[in-house]
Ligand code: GLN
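Here's a solo chain for you in structure tokens, the form predicted on its own.
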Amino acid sequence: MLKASNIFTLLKTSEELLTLHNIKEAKLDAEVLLCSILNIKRSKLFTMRSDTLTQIQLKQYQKYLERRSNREPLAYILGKTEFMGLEFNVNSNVLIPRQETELLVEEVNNQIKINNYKEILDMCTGSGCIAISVAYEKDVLVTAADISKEAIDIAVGNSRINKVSSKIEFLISNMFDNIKDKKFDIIISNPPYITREEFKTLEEELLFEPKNALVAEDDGLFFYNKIAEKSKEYLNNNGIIVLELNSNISQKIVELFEIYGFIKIKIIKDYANLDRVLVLKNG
């Protein structure tokens, strides 16, 4: 149980607690959680070292630390995260947007600029982070689809927060099932792609995220196969596909799309030098 003390002492105690529970960035997490309670930026925290929390604030901070000690992700505790400089609400119905996925958005924005693409499909949209980030930056119309109503509800809310709801149509759809009579210049997807074997080795934080948004059957290829099989019906002749990759099976994914007549343009590596984004053109 935390004791009432000044912020400097409180943070030291909290860092030690999180460290005991194998939290990698214990100091940072303790600070971020406290800033959320105080509704301040981290830069201000260090000017308040001698201040104390109210009993209500202390009790809330204790709850946050307990949740983080149980390895619940920071973004779920706070209920929000940042992606491409924008704020997104998240909960356990959607994956937490990750820095690596920003590479996909950057590539999509680049392709839109070069080719003047206008119609975009974001398959497996989740929190809507990809669709919203693209719509925020570019003059495009985006269709964003997900099988989960709960995910779509969050994505719709995020589109309103970021003032792009007029540029995005959200659909509850099992892959392409409810996408009728439309053609797109770009099909984007960050689909479930973790294999069942890989799932067994994930860090504890990932086990809080929706399993159906992480794991794919057929050794991680199930959703890639669905996209490869159907995309030609929905893609304009000069259109492209931009996918986030499971780096462990990236070559299998490329070969799968080549079977369906798509041509690899390039693979973009992430910050760990792993295959992360695949760009294909309609062959």
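Since we're looking at a predicted model, the values are computed, not measured. When you see a residue number, it is the position in the sequence shown, counting from 1.
We do not show the form predicted in complex with this ligand, though everything after this point is about it.
- Residues placing heavy atoms within 4.5 Å of this ligand in the predicted bound form fall in a single listed stretch, namely 93 to 101, out of 200 to 208, 174 to 182, 93 to 101, 109 to 117.
- Among I154, A213, I186, A75, the residue placing a heavy atom within 4.5 Å of this ligand in the predicted bound form is A213.
- By the criterion of a heavy atom within 4.5 Å, I132 is excluded from the residues contacting this ligand in the predicted bound form.
- Taking non-hydrogen atoms only, M84 never approaches this ligand to within 4.5 angstroms in the predicted bound form.
- Under a 4.5 angstroms non-hydrogen atom cutoff, this ligand in the predicted bound form has C124 among its neighbouring residues.
- The closest heavy atom approach of N158 to this ligand in the predicted bound form falls outside 4.5 Å.
- Counting a residue when any of its non-hydrogen atoms is within 4.5 Å of this ligand in the predicted bound form, the one hit in 172 to 190 is N190.
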